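The chain below stands alone, shown as structure tokens; this is the form predicted on its own.
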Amino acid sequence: MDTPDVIIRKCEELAFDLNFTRAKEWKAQDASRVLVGNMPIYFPRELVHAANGLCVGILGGGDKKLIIKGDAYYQSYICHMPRSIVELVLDGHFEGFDGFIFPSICDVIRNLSGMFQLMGKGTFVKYLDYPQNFSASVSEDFYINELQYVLDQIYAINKVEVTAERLKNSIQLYNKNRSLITELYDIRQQFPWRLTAADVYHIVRAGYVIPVEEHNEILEAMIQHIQVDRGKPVDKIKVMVMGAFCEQPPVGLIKTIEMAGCYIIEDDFLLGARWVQGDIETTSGNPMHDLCMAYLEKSTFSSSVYDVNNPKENRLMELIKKRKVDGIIFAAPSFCDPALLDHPILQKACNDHHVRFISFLYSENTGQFKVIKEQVGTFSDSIKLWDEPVVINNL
């Protein structure tokens, strides 16, 4: 295995390779392999893996792609990411992909799935509806039918039959992947100076474009690396960043937050990689049922999910208590309706429990961070100088 510094550099290259070179190389090694692009937030990648496929995250062009043609496809009052994705389509970045999955997040993503259909991209395009009623008796059949449609489309391409054993094996690989990512975050909670938030972001994002087996090896190497005492702690506060679950923040923004006096201990970047909390059980004998129940019973909270029986403001407070952060940074993409509609509810909960927070907007290609750095720096200084530790009781 390469040295940690080499691994981190490779992960950064993989994370922002808009040509998806590694994924296309993987596909070329076997005629029965397929590439399936999926938008954030969550899709059970185990399903595609079991069908001899690779799920590739479509996360936009970020600040690596100049938007020229994409602006003609969408109105100005929506988030930036769909325009950069259309730009990637028009410039041929998704050639070689067999299908595309658009999980239900918002109307913009629904429209983007229709745009892919109009442009004739891939053999299939699926807007994947998720159950909003979390009662298994109501939702299980519906959700399994949605997933089965994806399997049927892939089977029509490569004729690979997904058996219970294949799917169980894939679930176990992704269980390990989620466990390793969780361990990485847990270690950083105690020793955040051993690995920057930007490095963690690159490491996790690399897993969106390479086989899970390779990503697990990378995660194991990095966990071993940061378990060793290195570096020195700096006088920074510990924060959580919330609101960036879909359109990803520029890496420069992540670096700015940490340079301004914060350690990012928890976030909702790349939330799909950690969506299921804990392992997916595989003891029922029916892996499709297991995938479904994991979504219904072990999903994290998000602004894209209606969660009336388990309010997300309570779950946010529980996460703050678990991670022992000093405050929250609400950072949402401009015009992101799900995030911006939820923020007043979440911020009221912060006020009720005396949790300090600040809020700002960004877009994936934001290039200037001076104002944000000043805001975050002031937030950090005020907590270090005058604030009491966060204590959350009576949830």
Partner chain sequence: MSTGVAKEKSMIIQKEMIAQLSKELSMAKDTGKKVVYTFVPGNISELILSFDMLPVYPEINALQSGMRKKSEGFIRGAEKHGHSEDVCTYVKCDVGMMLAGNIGPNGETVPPPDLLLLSYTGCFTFMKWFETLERLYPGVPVALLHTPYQEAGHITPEMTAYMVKQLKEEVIPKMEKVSGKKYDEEKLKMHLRNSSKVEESIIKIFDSTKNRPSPIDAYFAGVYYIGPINNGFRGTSEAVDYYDELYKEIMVRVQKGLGPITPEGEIEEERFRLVVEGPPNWTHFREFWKLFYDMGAVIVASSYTKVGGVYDMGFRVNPDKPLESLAEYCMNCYTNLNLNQRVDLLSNCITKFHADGFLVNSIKSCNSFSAGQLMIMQQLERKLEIPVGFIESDLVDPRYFSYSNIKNRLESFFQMLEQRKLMVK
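Residue numbers count along the first chain shown, from 1. Quick caveat: nothing in here was measured; it's all calculated off a predicted structure.
One more form of this protein should be noted, the form predicted together with the partner chain, which is absent from this view; the next part is about it.
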| property | result |
| --- | --- |
| The unique member of Y174, Y130, F94, Y201 whose heavy atoms fall within 4.5 Å of the partner chain in the model of the complex | Y130 |
| Among the candidates I105, I181, L271, I210, the residue which, in the model of the complex, approaches the partner chain to within 4.5 Å (heavy atoms) | I105 |
| Residue contact check: P311 to the partner chain in the model of the complex, 4.5 Å heavy atom | yes |
| Contact test in the model of the complex: S334 vs the partner chain, heavy atoms, 4.5 Å | yes |
| The partner chain contact in the model of the complex: S84, any heavy atom under 4.5 Å | no |
| Non-hydrogen atom contact A72 with the partner chain in the model of the complex at 4.5 angstroms | yes |
| Segment assignment from 273 to 281, 132 to 140, 157 to 165, 216 to 224: heavy atom within 4.5 Å of the partner chain in the model of the complex | 132 to 140 |
| Contacts with the partner chain in the model of the complex - residues in 303 to 342 whose heavy atoms fall within 4.5 Å | S303, S304, V305, Y306, V308, P311, K312, E313, S334, F335, D337, P338, L340, L341, D342 |
